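As structure tokens, one chain now follows by itself in the form predicted alone.
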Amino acid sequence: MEYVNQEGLRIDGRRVNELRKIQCKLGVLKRADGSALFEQGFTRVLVAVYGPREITQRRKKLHDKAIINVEYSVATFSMTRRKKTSKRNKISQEIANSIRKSFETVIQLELFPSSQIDIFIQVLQADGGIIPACINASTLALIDAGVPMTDYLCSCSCSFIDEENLLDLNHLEEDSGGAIVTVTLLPEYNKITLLRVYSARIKMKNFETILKLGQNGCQRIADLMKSAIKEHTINQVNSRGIL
């Protein structure tokens, strides 16, 4: 399969450094403290946040800060391929742990001792870039819930396929056999907090270029998220007649 043609276009018509169309909406679930729907291409992720609230399992209680619980699930109709339940559960737990550890670095947990913050992630449609979409959706839902953070967490995937550096992979590109690099960034500080590399080996000279591409993609996603947050805030103010 040709992933980049002679005109420099990918399978879905994008340029090598082009993001898929991104749409995000905050406050989509009224019963949650915070929620967000994040769409990137045909990948769709819904996140609900509850808390900070009283901890339910006392053995997990930390007296000096809050804990974060992350539950990750994928709707069975969202996947193009079926995986064995045991393997799927293991992968889901690994993803949940990675997301939890990422947010432990930015949420100001010390402000809520003996409390917990629950993040429920549901993948509604999977077409590549699932982990970045989950992180971006969780960031928006936490902001909607008013959970204080030192910075956003923004994430993006990239790879080196057909001698080209590609930004924001769809599922066909992820299945190409090339290395999949997931970059998670604090955009205000341009600091990488999570870096995951899957599949094939990658040369250092290519890796450095891919890393810069991923950082640039995260910054562009951060700008789109900020616009969505601003729009949501304005709508909230207008609906409540505050101004």
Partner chain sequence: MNVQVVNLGEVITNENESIRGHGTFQKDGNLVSSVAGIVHRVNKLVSVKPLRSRYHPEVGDVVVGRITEVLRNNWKVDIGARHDAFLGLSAIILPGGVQRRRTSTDEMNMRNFYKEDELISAEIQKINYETFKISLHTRSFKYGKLSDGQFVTVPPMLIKRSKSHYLVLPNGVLLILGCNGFIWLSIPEESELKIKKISNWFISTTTELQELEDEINENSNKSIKDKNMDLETNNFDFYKKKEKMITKEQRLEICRVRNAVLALSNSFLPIYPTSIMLVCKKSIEENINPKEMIKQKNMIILTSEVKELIK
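Numbering follows the first chain given and starts at 1. The shown structure was predicted, so the numbers you read here are calculated from the model rather than taken from an experiment.
Here the subject shifts to the form predicted in complex with its partner chain, a form of this protein not shown in this document.
From the list 29-37, 207-215, 191-199, 173-181, the contact stretch for its partner chain in the predicted complex under a 4.5 Å heavy atom rule is 29-37.
Three-residue candidate spot Arg44, Phe103 and Gly128; no residue lies within 4.5 angstroms of its partner chain in the predicted complex by any non-hydrogen atom. Put simply, Phe120 is far from its partner chain in the predicted complex: not one heavy atom of it is within 4.5 Å. Met1 falls outside the set of residues with a heavy atom inside 4.5 Å of its partner chain in the predicted complex. Residue contact check for Gln219: none of its heavy atoms lie within 4.5 Å of its partner chain in the predicted complex. For the chain shown alone, Leu124 is not a contact residue for its partner chain in the predicted complex, no non-hydrogen atom being within 4.5 angstroms. Ser114 is the sole member of Ser98, Asn165, Ser92, Ser114 with a non-hydrogen atom lying within 4.5 angstroms of its partner chain in the predicted complex. Ile143 is the sole member of Val74, Ile161, Ile143, Leu109 with a non-hydrogen atom lying within 4.5 angstroms of its partner chain in the predicted complex. Contacts with its partner chain in the predicted complex, taken as any heavy atom within 4.5 Å, map within 115-154 to Ser115, Ile143, Asp144, Ala145, Gly146, Val147, Pro148, Met149, Thr150, Asp151, Tyr152.
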